[in-house]
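In structure tokens, the next block holds one chain alone, the form predicted on its own.
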């Protein structure tokens, strides 16, 4: 069920499906709550699933020229406070994982677990910051071309000919993201700090989903990063890229369910 609430004099859109213990799904860059369609259908049989459109994405408004991860975390908190929910697990894909880590930093008392779904606790390297700045220039000139290529690159290159429907699905969602929203998100990702220290400090379970053929994040770096986690859960998808919930939905959902059980057991 689609709902809205107010944040910073603007509107945030989110879906609220199922009953029970709460899972919060945060989409990645150029996504929306709709990208989690299969995940919501699976998890909502056992959990209450809140999928939020982050600032400048989906039906949620933009809030300035830069959407920092801290601002995105506060947006998530506004939704959860609106629903009067106190304890939950956050599952963040890519940029949604960065927002999830910012949430863990700002509001640790609310979390029962955190899943970094093709995401990292490290800040951008200088090279990555340069790439994002170049992307901003491309978006200003031709956002359509940028979006199509950016989405295609999220899938394992070797699988793209088999995943045309999934790629089209993701591109359709991404095409609805405004130029302002795209640029504000890119600026926010450039500005984010290292938060790897959080992985070693928290007492709740943390899961990392890692794709062996991820064009965005080197898998070995993520595997090394997972060693920082005390209660770690790792799903290594040997055939997938950066979109495991679309590339291998059954395997991904099974692992996510196992992780959620551990979060609510601890």
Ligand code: MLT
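Numbering follows the first chain given and starts at 1. Small disclaimer: the values here were computed from a predicted structure and weren't measured.
Here the subject shifts to the form predicted together with D-malate, a form of this protein not shown in this document.
With a 4.5 Å cutoff on heavy atoms, residue 95 counts as touching D-malate in the model of the complex. Of the heavy atoms in residue 195, none are within 4.5 Å of D-malate in the model of the complex.
The closest non-hydrogen atom of residue 189 lies within 4.5 Å of D-malate in the model of the complex. Interface membership of residue 216, defined by any non-hydrogen atom within 4.5 Å of D-malate in the model of the complex, is confirmed.
Screening 154, 174, 114, 73 for any heavy atom within 4.5 Å of D-malate in the model of the complex leaves a single hit, 154. Residue-level contacts in the model of the complex: of 128, 148, 180, 77, one residue has a heavy atom within 4.5 Å of D-malate, and it is 128. Only one of 103-111, 87-95, 164-172, 136-144 lies within 4.5 Å of D-malate in the model of the complex by heavy atoms, and it is 87-95.
For the stretch 24-58, the set of residues having any non-hydrogen atom within 4.5 angstroms of D-malate in the model of the complex comprises 28, 29, in sequence order.
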